[in-house]
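Let's start with one chain on its own, the form predicted on its own, as structure tokens.
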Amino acid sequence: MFSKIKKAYQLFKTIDFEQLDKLSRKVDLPKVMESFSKLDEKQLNGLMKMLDGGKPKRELPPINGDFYELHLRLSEEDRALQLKVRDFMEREIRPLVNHYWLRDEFPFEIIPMLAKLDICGLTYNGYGCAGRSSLMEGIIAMEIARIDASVATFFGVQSGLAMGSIYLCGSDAQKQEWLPAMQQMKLIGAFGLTEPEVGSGAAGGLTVTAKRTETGWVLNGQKKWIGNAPFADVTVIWAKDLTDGEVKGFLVRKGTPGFEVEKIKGKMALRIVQNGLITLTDCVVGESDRLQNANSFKDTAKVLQLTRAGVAWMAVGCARGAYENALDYTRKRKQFGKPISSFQLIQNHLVEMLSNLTAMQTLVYRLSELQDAGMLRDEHASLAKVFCTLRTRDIVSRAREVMGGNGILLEYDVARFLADAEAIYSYEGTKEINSLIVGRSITGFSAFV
């Protein structure tokens, strides 16, 4: 009886006093209440459903870009770390990225917060590093890029390119000096390979030179697009040795005479990352700051192979962030009286996006498995970089499309993903160069000029 009266009350409480007054003039309310008390549970439920328009309340599925549940392949410890990073990015980073992205500035306050996650240099052994799997490193890159590709790039330069150069090519003394502090993010690193006139041709065409003298190595030339350079404590500079023509690596400390950095302005993508134009003018670096195990471009390539897989994961994160934002938007945005996600053409876009995203995820999972097994080859990383960045471009474009005009507004996030995807598509080897690396592997013929 009580449940019946409660349901009857729920029906009437939706009526305001003015409506109730009008209703009392037309019907005998006490008699109506008596009639309600005689209804059984099924009849009352039917009446409630009729008053609700006959439509049951819809519970929408969760928004989840991991459609094939690949996270189930992780250990409990790895899954906990993934969720820890995701929570941090949602809680601490998401609220501030648009502010800094719009102003072309870097949020230095996030550095100690990132350091507390203890994820820098994750795959290295010793020096305060955790010695975790390459798979976990990739997942973290994805989780960071899922919120912002700029922050992921900053972190990738620090943890991958800069620390990786020292870890793979440095002496024991150099590793001891730099890696522990960089792992704790007390010191920030940069990686100087690309030049104003030399991008894809870095293997044989570096114009920055290094000359051995009695006082050390004298560096001259320019580097461009160097992430973190405007504020880095140490920058790895790759230069051609004038004596033997081989590429060598040097650790240039902040404040070294002859080392000048100009911040690159006017970028349309990755605006939070601070890129620099470096000018080296008779910059003297001691032999103790030459990377002792970097003696040719092959050593440089080892670092690039290590990090190119991370860029593929970063593309996945960027695509996932765009997809999940777009899906959320289409479920809330109404046109013609209902959510646009209920329209066939919108669902087709969403499924195309999810298909590409799922293919990308399964590819990079396998890529990291190869890396952890010591089987990773250049062509493996290059194929992942080509495919994932191409598909990311398609996903962010569709995400913008389903959001209509709002898709170009920064407040909806997808515009930022759309712009940042263009930079990810180009850096760490263009689509064309990486395609030639894969092409050489499968045909046996080199098409490089």
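When you see a residue number, it is the position in the sequence shown, counting from 1. Here the structure is a predicted model, which means the values were calculated and not measured.
Separately, the form predicted together with a small molecule exists; it is not shown, and the next lines address it.
Asks: Which residue, 353, 232, 270, 309, is the contact with the small molecule in the model of the complex, using a 4.5 Å heavy atom cutoff?
Replies: The residue in contact is 270.
Asks: Name the residue from 138, 321, 227, 249 that puts a heavy atom within 4.5 Å of the small molecule in the model of the complex.
Replies: Exactly one listed residue reaches within 4.5 Å, namely 227.
Asks: Quick check on residue 448: any heavy atom within 4.5 Å of the small molecule in the model of the complex?
Replies: Result yes; residue 448 sits at the interface with the small molecule in the model of the complex.
Asks: For residue 441, is any heavy atom within 4.5 Å of the small molecule in the model of the complex, or not?
Replies: Output for residue 441 is no: heavy atoms all beyond 4.5 Å of the small molecule.
Asks: Indicate whether the small molecule has at least one heavy atom within 4.5 Å of a heavy atom of residue 423 in the model of the complex.
Replies: Yes.
Asks: Is there a heavy atom of residue 325 lying 4.5 Å or less from a heavy atom of the small molecule in the model of the complex?
Replies: Contact check for residue 325: no, nothing within 4.5 Å of the small molecule in the model of the complex.
Asks: Any idea which of 338-346, 186-194, 309-317, 288-296 reaches within 4.5 Å of the small molecule in the model of the complex, heavy atoms considered?
Replies: Partner-contacting stretch among the options: 186-194.
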